[in-house]
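Only one chain comes next, encoded as structure tokens, the form predicted alone.
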Amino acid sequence: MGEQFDLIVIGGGPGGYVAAIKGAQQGLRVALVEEGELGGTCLNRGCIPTKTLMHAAFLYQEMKEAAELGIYAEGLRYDLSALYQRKETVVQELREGVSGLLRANGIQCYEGRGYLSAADTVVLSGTEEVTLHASRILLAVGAKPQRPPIPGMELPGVLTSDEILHSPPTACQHLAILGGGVIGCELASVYGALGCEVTILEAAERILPLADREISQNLTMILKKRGVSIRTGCLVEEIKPRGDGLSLTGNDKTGVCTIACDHLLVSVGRKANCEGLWNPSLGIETASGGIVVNAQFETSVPGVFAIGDCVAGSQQLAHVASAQADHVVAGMMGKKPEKNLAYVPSCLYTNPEIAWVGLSADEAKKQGIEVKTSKYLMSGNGKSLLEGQERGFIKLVVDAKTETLLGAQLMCGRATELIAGITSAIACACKAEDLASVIYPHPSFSEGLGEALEDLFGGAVHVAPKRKRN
């Protein structure tokens, strides 16, 4: 027979557990099925572990350079195992917090792999078979790292982000990173700050190929200044063992190239974790390995929904999955969603931080929108200078006719915090003039935003006047 629920959620990540809690808040009887640890990729193998290690690595880097501030550290060193133990402590505390929230909301949790045997039935595999029923089933199973079909990909020392964030690589003196996207650049920053030789191998013409070109160029210069080698237009074709390490052979702009390293981090994207998730006879539609959904996040099977990284074309961000959770549960209950899914901030936690939201100037022009732009260089910002921040800027894109804010690209201290307010302004169709009228505290990174806004109207104080053309 099996137990009956109003909603069954498969997957306990930032999409799944948020949806379960939102459902319980609406009075639904909810079951959550998770085969691994609560919190999903973000908490256990992604956002939180990476940023915990980044915090420690950047602190170490600052201490090495602290003599410039008049602070002298003798015998400075780090213990990589201790850094990873600290990471695990943070993860465990947050994981216990998620578990406590689920209990407090009366959600029944099941440990095991959920299998959708029918549109209203989930079977759990484990020590004993358990069957659950519900009129609504939500798939929030996330994604896992891809391993491209390169010979030698199975060799010891070839790691995915899941593996390198789980435990520290032993005797890592030279780390090669296949892929210069967000994951690759963040982990290059971590290991580079800890003194490891790092080489990024990116197939595209630049790292962060989906970001603003100027952001990509600036980060390239900063990483190179810090000793990270970057090879773009590089295609790795074979991996071979070499002594205690690896030898990578491929092609780049100069022709055939060979790179020696002791570990290779593969960060070329993630694929939906959908294998063996449902009965094939259900006919759930997929595309490029992900689940196809409509505007209400319902799959091709009525009553079965999907959100987060397992959805075809998803941005694969934790905050997107959580927002979609709110959206899908509200739709189930016939209510208006609280979250606006149209404007999603993207963030990198490098040093300096990077964030963007909305349209770039090029994207706006492609849509036929006439725009005005401004840019404030953060080298003139007092907070940036006193904290020793590297080169950075704030760029804004405004509709030339309505003067509403359309987009922003930031590369500066606290960019990942500043972007939240900017996202709100774009979602609310705020006019640049109104945003410029706000008083920004001094000294702060947010002053740079104020300067960029005032520059749109030619009133920025800390920006040199533009030369007038004859």
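Source: prediction; values computed, not measured. Residue indices: 1-based, along the sequence shown.
The protein also exists as the form predicted in complex with a small molecule; that form is not presented, and the subsequent description refers to it.
Student: Given that the partner is absent here, state which listed stretch (328-336, 77-85, 382-390, 270-278) has heavy atoms within 4.5 Å of the small molecule in the model of the complex.
Tutor: This holds for exactly one stretch, 270-278.
Student: Just to confirm, P169 within 4.5 Å of the small molecule in the model of the complex by heavy atoms?
Tutor: Flag for P169 set to no.
Student: Tell me, yes or no, whether A318 is in contact with the small molecule in the model of the complex, where a contact means a heavy atom of each within 4.5 Å.
Tutor: Heavy-atom contact with the small molecule at 4.5 Å: present for A318.
Student: With the cut-off set at 4.5 Å between non-hydrogen atoms, does K372 touch the small molecule in the model of the complex?
Tutor: No, K372 is distant from the partner.
Student: Taking any heavy atom pair closer than or equal to 4.5 Å as contact, tell me whether I10 reaches the small molecule in the model of the complex.
Tutor: It does: once the small molecule is placed as it appears in the model of the complex, I10 has a heavy atom within 4.5 Å of it.
Student: Of the options C42, A31, A432, C412, which one has a non-hydrogen atom that comes within 4.5 Å of the small molecule in the model of the complex?
Tutor: If I apply the 4.5 Å criterion carefully, the residue I get is C42.
Student: Exactly one residue in I394, I354, V141, I200 has a non-hydrogen atom within 4.5 Å of the small molecule in the model of the complex; which is it?
Tutor: Checking each option against the small molecule in the model of the complex, the one that comes within 4.5 Å is V141.
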